[in-house]
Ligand SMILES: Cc1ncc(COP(=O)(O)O)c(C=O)c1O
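Only one chain is shown below, in structure tokens, and it's the form predicted alone.
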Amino acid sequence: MTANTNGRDPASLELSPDDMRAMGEEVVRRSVAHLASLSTMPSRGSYDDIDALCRSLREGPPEDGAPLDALLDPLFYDCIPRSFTTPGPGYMAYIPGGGLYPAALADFIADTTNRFTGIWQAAPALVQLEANALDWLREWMQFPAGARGLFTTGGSMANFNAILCARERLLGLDIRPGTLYVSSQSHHSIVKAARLAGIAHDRVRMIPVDDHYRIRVDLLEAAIAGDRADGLRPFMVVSNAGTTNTGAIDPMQSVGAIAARERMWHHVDGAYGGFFHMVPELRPLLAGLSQADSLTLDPHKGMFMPYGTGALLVRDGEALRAVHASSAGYLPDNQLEFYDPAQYGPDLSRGYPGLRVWLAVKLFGSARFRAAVAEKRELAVWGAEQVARIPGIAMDAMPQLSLFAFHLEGPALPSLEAQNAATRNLMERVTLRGKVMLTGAQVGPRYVGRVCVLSFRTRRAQMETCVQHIGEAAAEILAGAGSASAARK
């Protein structure tokens, strides 16, 4: 079936209801079959001859349409499998997401009905559903009723908008003297976002961390005092609610107290760990999060949404409105009673990201999301306890949330360089077994292996496989290193 079914009218892009139904059913059939086979797929697809494949895909715009099957076949058979199996149950690399199926249905509805949700007046009821979803985030994070937010494409854009709010509120037009403080373990997107917001790299202070990879509060205070003495204007500090490298949680209460005393903006990057706060029993782990001036969240992580679903909450909603509110002669007058996306974010024309969250929460209910998030921490704690017992494994970070880090060491690995190489080898060997994908991270001079449990499809069986494969691969590497060391002697 080609997309142009009306040969008598070459200018028409319309499809008949039967054609649309048949095309939709074919896409759904293939997509559901793909999801059903995730548990049998390798955790990382083959990259053999991937350069050649990519070169073969280069082409100019086609003059004539092609049948749908001819397009779907290479997409599902050649392109999609040649990638990380990010929605799979064994994906414990980086920070997993998941991609809930109802969210895909929400995107289909949003794209086919194609209503404009950039301003309230164009689709009031639809915008209200998105406002509801943002209010649910606000409630779970225990932000006040006056807080406002927006859905973004991810944590990077949420961090960017938070820096804009802080810059406008505390620096005004004189931004050059402003200084911003992050830990050495903060996500690189914060420094990038600061640059985009006009805060040059020489005004971003990297504060060292303690033995648990948390920001050193004493060094933060010293850096602020030093900058004030030099005539600069400290205006913002960022805490981490779970770092990407080791899952570390900064002492947010202490950082927040410093920010309040110094009249600075306290932003929490909760892209990875923020959603653990929706579980009441886990809130003590994230003490101070709910008092922040702003908070980055990634529903495509802790709420298992498809990639491209980020969010920002700002305690003083008027600060977010002040930096984004605008008007134009062709737009309706702004109204103040109802949430209006264009008044709280940079976009006018936009998709409808809130429907993903709204539909999934309405279908499953909050309780199931809380249970799923809590389970991921339980699995990580169990997995870390098992991995810590494996000969040759040294734990660098036990899970505060659902991520733990470790490295390989032993008599046959006497140097840091040898341990780093062995740990990289360990990550690759486990991944090559095809059931679990792991990645590591460079943390100062040490390379650590990581296990991050945050896919809704990861259950106890996958964690048991992960522990088994780490143990077997570690034994192989240490045996080989021992033999090589003996041979050198």
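Start at 1 and count along the sequence shown; that's the residue number. Note that the structure is a prediction, hence the values are computed from the model and not measured.
Unshown form predicted in complex with the named molecule; subsequent notes refer to it.
From the list 343 to 351, 100 to 108, 147 to 155, 316 to 324, the contact stretch for the named molecule in the predicted bound form under a 4.5 Å heavy atom rule is 147 to 155.
Shown alone here, Asn159 lies within 4.5 Å of the named molecule in the predicted bound form, counting heavy atoms only.
Contact check for Ala271: a heavy atom falls within 4.5 Å of the named molecule in the predicted bound form.
Using a 4.5 Å cutoff between non-hydrogen atoms, Ser290 does not count as a contact of the named molecule in the predicted bound form. Shown alone here, Gly90 lies farther than 4.5 Å from the named molecule in the predicted bound form, counting heavy atoms only. Residue in contact with the named molecule in the predicted bound form (any heavy atom within 4.5 Å), chosen from Arg138, His277, His187, His266: His187. Checked against the named molecule in the predicted bound form, the residues Ile95, Ile258, Ile224, Ala397 give one hit for a heavy atom within 4.5 Å, which is Ile95.
Taking the named molecule as positioned in the predicted bound form, none of the residues of 391 to 424 brings a heavy atom within 4.5 Å of it.
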